[in-house]
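Here we start with a single chain on its own, the form predicted on its own, put down as structure tokens.
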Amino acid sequence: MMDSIILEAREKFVKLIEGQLRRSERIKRQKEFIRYDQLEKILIGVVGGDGIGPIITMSAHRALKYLLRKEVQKGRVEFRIIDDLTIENRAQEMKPIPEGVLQKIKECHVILKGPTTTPREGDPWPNIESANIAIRKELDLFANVRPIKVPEKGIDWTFFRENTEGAYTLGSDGFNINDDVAIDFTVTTTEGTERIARMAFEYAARNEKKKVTVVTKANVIKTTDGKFLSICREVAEEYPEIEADDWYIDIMTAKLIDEKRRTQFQVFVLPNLYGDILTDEAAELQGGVGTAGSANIGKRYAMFEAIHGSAPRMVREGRGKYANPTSIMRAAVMLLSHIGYEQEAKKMEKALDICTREEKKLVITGRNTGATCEEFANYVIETIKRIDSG
């Protein structure tokens, strides 16, 4: 009996290894980053997702349309609405991304994406992979970049989270060996780690940052986390002007709330799972996960999104219209900057700072005690217009 269990597990494991070896070879063959300034037209896909996703995404889309209105008129920029990435459609096709939706996404250069529901045990949906993870893998969006700023507390952090490996890359491919033993996997490759490490150090060098911090649990997860740390150290040697240090994920979560120590950190580079956890904690210091945006960067594609989930409970309770669009609007700032519209990005970032930190004429509470998503978006857009008019 045990021999047959081991044989079955071995067959599954072999397939996983073969797939990761092929992926590693694909990474080696990748070309240089896309040059947006050389494109005749930049195609921006707007993917609403589900839950509160379509509501908050519409707000960010409206702001982008205003800021890029002249570029749209000239034919330099085109928005494409992709509204089929819902949990209902994904469950019907039993795929994290329906084929037709994936094709539409791949026709665009950058994506503004709302949250999507990921089923879990006990949910009424089948066990399909996270749409976010699937898109990141399909488009090879290897770098998840999340800035966190709280000027009054001396916090100015940028996180570079590896997006396609670690504990998430095979998240739906683990298996139950028998009723007593279940196995999941974590993956680290040389190519995958080198490119995220180099992106973090390049960012630090370009932006006059003096320190990059590597976060792992290499003292316990010695093989994969150990490899990640070792490669980051090798890349760090190419940037002698930048200080590189490393911390373990458990103590790092404590140091982010250590008022004396946290101001010493600037740029972080870390594997997928730790990046997911640490950036949510960091966002809480900024005002909550509803206040932070996220960029997913690859060489050919890029996707910008809110860092929070689809909040199906808010929708069920009839509170969807009170959802906070700040996170995805912050993501839209990053989108503008990424495709080369730096001045427009600065206007939108300044407007968001005014609306959320300085004037605060409207407050989002998630309930009828605060502003609706549409009202808050109107406030931000009117503020952008004020900045525009001088």
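Quick caveat: nothing in here was measured; it's all calculated off a predicted structure. Note that residue numbering follows the sequence shown and begins at 1.
FYI, the form predicted together with a small molecule isn't displayed, but the following is about it.
Stretch 160-168 is the answer when you ask which of 216-224, 87-95, 160-168, 256-264 has residues with heavy atoms within 4.5 Å of the small molecule in the predicted complex. The single contact residue among 173, 191, 276, 83, judged by any heavy atom lying within 4.5 Å of the small molecule in the predicted complex, is 276.
Taking a 4.5 Å heavy atom cutoff to the small molecule in the predicted complex, the contact residue among 102, 72, 133, 155 is 133.
Although the partner is absent here, residue 118 is a contact residue: one of its heavy atoms lies within 4.5 angstroms of the small molecule in the predicted complex.
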